[in-house]
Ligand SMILES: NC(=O)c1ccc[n+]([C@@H]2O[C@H](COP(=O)([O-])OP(=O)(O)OC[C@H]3O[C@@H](n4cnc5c(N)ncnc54)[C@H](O)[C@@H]3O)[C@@H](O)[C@H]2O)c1
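In structure tokens, one chain follows: the form predicted on its own.
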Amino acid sequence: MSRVAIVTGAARGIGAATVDALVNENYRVVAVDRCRDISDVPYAMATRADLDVVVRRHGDAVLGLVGDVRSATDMQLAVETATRHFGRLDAAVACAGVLGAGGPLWEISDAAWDAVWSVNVLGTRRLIEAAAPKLISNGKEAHGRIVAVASAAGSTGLLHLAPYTAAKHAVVGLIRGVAMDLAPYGVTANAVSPGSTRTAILEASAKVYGLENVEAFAAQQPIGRLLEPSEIAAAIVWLCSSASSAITGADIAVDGGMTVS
């Protein structure tokens, strides 16, 4: 029987790569994305057309759903859609995330802070609280999985990106806490923390630092290159598998050595 997952932030970047990788492992996926811009996020969000491209790659294996991760109603709809359309839910993957305005903390507006916090932290919470009861109800032997995309920023500090850094630290802490809540039920919860990866967030980061292109970030990573979304997705898919059954509450660095101390 095919396993079923929900992936948020699924229209591009790591989210889209995760949908692709899960389908390659015989998953059926509800691919969720907001598909419209967010006030106080200084770059364009993915579009419905982007989400449709991801869905078309996989035919009946993927169902696209426009939804906002900050909405409890939308995340509950995603869970209901998965169970109604595909018959079950086995994994929930929180890939949705944004980078806000750059600058010293004391120059960041409340609205800009709230935009970053609401998507990265509240959005992760909303998916987990919607999915957890269904994963628990499947029973201990069902290998229920929750994975959240954090960041190398979740274990270090980034110049002029304090809201993003704080939010990603919070995602890691949220996962560690909920992993303890879920442990008695056989459901694992883990974070994956990418380094500099070819995504819209990295392009926005380059603008914060006045860089002409993202290639300059390769120097941050001992492997000497940027990461591809598919490399992050590979780690996510492994954490969704039965092979990762002994791992919970972990923050897995997929960062080319960026945070090795």
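All of these numbers come straight from a predicted model, not from anything done at the bench. Position 1 is the first residue in the sequence shown; the rest follow in order.
Keep in mind that the form predicted together with the ligand is not shown, yet the notes after this line are about it.
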- Residue stretch of 136-144, 91-99, 106-114, 172-180 approaching the ligand in the model of the complex, non-hydrogen atom distance within 4.5 Å: 91-99
- May I ask you to check whether residue 168 falls inside a 4.5 Å heavy atom distance of the ligand in the model of the complex? yes
- Report whether the minimum heavy atom distance between residue 11 and the ligand in the model of the complex is within 4.5 Å. yes
- Message: Although the partner isn't part of this model, could you tell me whether residue 188 comes within 4.5 Å of the ligand in the model of the complex, counting any heavy atom of the residue?
- Response: no
- Item | Residue contact check: residue 38 to the ligand in the model of the complex, 4.5 Å heavy atom | yes
- Note on the structure: The listed residue (54, 63, 235, 46) that reaches within 4.5 Å of the ligand in the model of the complex by any heavy atom is 46
- If you look in the model of the complex, which residues in 113-130 sit within 4.5 Å of the ligand (heavy atoms)? 119, 120
